[in-house]
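Quick setup: one chain, the form predicted alone, written in structure tokens, and binding and motion questions come after.
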Amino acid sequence: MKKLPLLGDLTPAQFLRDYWHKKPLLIRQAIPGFKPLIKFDKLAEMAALNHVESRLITQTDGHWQMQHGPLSALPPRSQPGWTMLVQGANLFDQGADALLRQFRFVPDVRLDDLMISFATDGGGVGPHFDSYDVFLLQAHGRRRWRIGAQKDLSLVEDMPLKILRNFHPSEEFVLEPGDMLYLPPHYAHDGVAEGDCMTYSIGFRSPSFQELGEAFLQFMADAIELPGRYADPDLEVAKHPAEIPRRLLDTVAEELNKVRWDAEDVTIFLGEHLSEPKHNVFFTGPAKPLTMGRFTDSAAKRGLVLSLKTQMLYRGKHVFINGESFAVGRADKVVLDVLANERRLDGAAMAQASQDVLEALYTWYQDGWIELA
């Protein structure tokens, strides 16, 4: 496999074997000559929108404050010690999406989003840890990072931010534009801006088993079939009326134990759950959609691309897109796998699509899930 400057000239396999989930990696000039993909003014406009997740963090004399967006007003850039965080920049900007996709040596179900942090001199979010892997790419200015593999992850109480109570860094780096730092989960770190700076955080999704378990039980509710109704024709006189009868407990437990699921149920659940758009993601179809015939002709010439907001996955015969799932035949799967992996289809691939696939693509086009290239 090809070595990547992005990973310090490691191959993705080497990085995953030696660093992923294990230890930090500092990569000088991971992207040489890198410049911010979104200018400050545009970033501030995004932070003021209702459907963009943003936060404003300020620190004064050791006192932290956090304001959730939309951020209608920001402190002056001359004021030190404040940070603006804009989550999911990849959903709204082609360049940010392209940057995030450079990390697709990790499966799409684990890629989360690209967060952009703008900070004035001295700004940061305090010493903390993340429950997921993260790449910290310096886009503008300088940021000083102190990191440490400490076991004490206790937090300061009554704070709006999750700040470590006892931070003991063991290493320190200053990152300049194009430099990148990888940190595994639960690795303590603190980044402080030296002058105005902008940092891009490539985060990874790490759902808790509790979250998955709760969602799976909701998913299975639609598939459960337990016919019949409780009855007790041999009921005896109750000696203690308020006590739940043992027979009722045993009968219900026996019925509930009939609920079963298999690998296919889990596959469909994961595909739908992990492709479900986030709560703040909305799709907008074309104002004047083409007819089916004109759409097909245009797609054959121009090709199709997935919307920046679309998550498309597959496993076996199952295809998942934005929380929906369906099973496909072998020939159709070839076409849809290309769309999922490449996030686009060219005209030649379109020629291989069946009528069923073309109709699905047209529906997704109307819904804003895919676009003409």
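Just so you know, these numbers come straight off a predicted model, no measurement behind them. In this text, residue numbers run from 1 along the sequence as written.
There is another form of this protein, the form predicted together with a small molecule, and it is not shown here; the text below is about that form.
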Stretch in contact, per heavy atom within 4.5 angstroms of the small molecule in the predicted bound form, of 142 to 150, 298 to 306, 256 to 264, 276 to 284: 142 to 150
Candidate spot Met115, His189 and Ser201, all three touching the small molecule in the predicted bound form (heavy atom, 4.5 Å): yes
Contact label in the predicted bound form: Ala89 to the small molecule, heavy atom within 4.5 Å: no
Contact label in the predicted bound form: Leu99 to the small molecule, heavy atom within 4.5 Å: no
Interface membership of Asp179, the small molecule in the predicted bound form, 4.5 Å heavy atom rule: no
Proximity of Leu136 to the small molecule in the predicted bound form, heavy atoms at 4.5 Å: yes
Position in contact with the small molecule when the complex is considered in the predicted bound form, options Leu164, Ile268, Leu85, Leu111, heavy atoms within 4.5 Å: Leu85
Candidate from Arg247, Arg77, His128, His168 lying within 4.5 Å of the small molecule in the predicted bound form - any heavy atom: His128
